[in-house]
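Single chain ahead, by itself, as C-alpha cells, in the form predicted on its own.
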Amino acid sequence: MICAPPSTAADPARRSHSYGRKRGRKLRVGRLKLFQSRLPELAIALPGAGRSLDPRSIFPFAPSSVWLEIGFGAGEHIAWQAAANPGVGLIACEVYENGIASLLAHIEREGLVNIRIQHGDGFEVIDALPEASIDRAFALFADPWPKARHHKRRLIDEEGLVRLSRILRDGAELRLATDHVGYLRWMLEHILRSPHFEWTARTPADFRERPADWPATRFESKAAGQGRPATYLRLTRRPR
C-alpha cells in the first residue's frame, strides 16, 4: 500500500547510513541457493520518491504490530523474536550478504513467515516508513567504529535518534546493545540529550542483565568470553 510521503527532520546533506562490509567468505552451495531463491521472495520493495511504505502491507497476514531491526548480524536475534511472536511482522535490515544467508537458513529451517528483509541501508527503510508506524526497534551490537575519524558512521547519534523517533509510535521501545565502552558512552551522551527518548533503567540490573525476551547471540557470548560484557539499553519513545 502506498501512503503519503513521510516527513523527516534530517538534513539530506548529513544523512546517516548503516555502514558495514557487504560480504565475507564465499557462501556454501546450500546458502547460495537460499540467497538466490528465497531473498527475492522476502525482499522489501522500496517505494519510489515521494511515496512511503505501509509496513503492515508487506506481510502475508495482518500483523498485530511491526518491529524493525537494523543490522541483524547472523539473524539469531530476529529469528528468535519471529518464532516467539508469530503475530508480529518483523522488518530485518542488513548489508552483509553472509548474515542475510544465515537468516534465510533460520527462516527455512524454522518455517518463519513473519520476516521481510531489506538487503541494504536500513535508513532507506526508515525514511520510507510513515510516521509512528513501528512498535519496537532494535539496533544491537552495531559496529562501534572506534577510530575518531569514523565516529560519523556510528548508527546512534543525534540524527539517527531523530529519524528513529519519527517512525516509532509514542510509547514504543527502542532496544540498543553494545560491548564497546567508548560507543556506550557515545550513545548515552546522545540519548540523555534527546528530547524524543527516555532511558528507562532504574537499577544497574536494568542495563547489565538481558530481559527474558532478549536472546543472547554467538557474537555476544564470544565478546563476553573475551572480557567484554554487554550493556543493554531500553528506551521509550516520549509522547509527541
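One rule holds for the numbers: they count along the sequence shown, beginning at 1. These numbers come from a predicted model, not from an experiment.
Omitted from view is the form predicted in complex with a small molecule, to which the following refers.
Enquirer: Taking 4.5 angstroms as the heavy atom distance cut-off, pick the stretch from 116-124, 80-88, 102-110, 161-169 that is near the small molecule in the predicted complex.
Expert: Heavy-atom contact with the partner occurs in 116-124.
Enquirer: Can we say G73, L155 and T217 each have a non-hydrogen atom within 4.5 Å of the small molecule in the predicted complex?
Expert: Checking in the predicted complex: G73, L155 and T217 are all within 4.5 Å of the small molecule.
Enquirer: Taking the small molecule as it sits in the predicted complex, is V95 near enough to touch it, meaning that at least one heavy atom pair lies within 4.5 angstroms?
Expert: Within the cut-off, so yes.
Enquirer: How about E131 - does it come within 4.5 Å of the small molecule in the predicted complex, if we only consider non-hydrogen atoms?
Expert: Although the small molecule is absent here, E131 would stay clear of it in the predicted complex, with no heavy atoms inside 4.5 Å.
Enquirer: Even though the partner isn't displayed, in the predicted complex is D143 close enough to the small molecule, meaning a heavy atom within 4.5 Å?
Expert: D143 belongs to the contact set for the small molecule.
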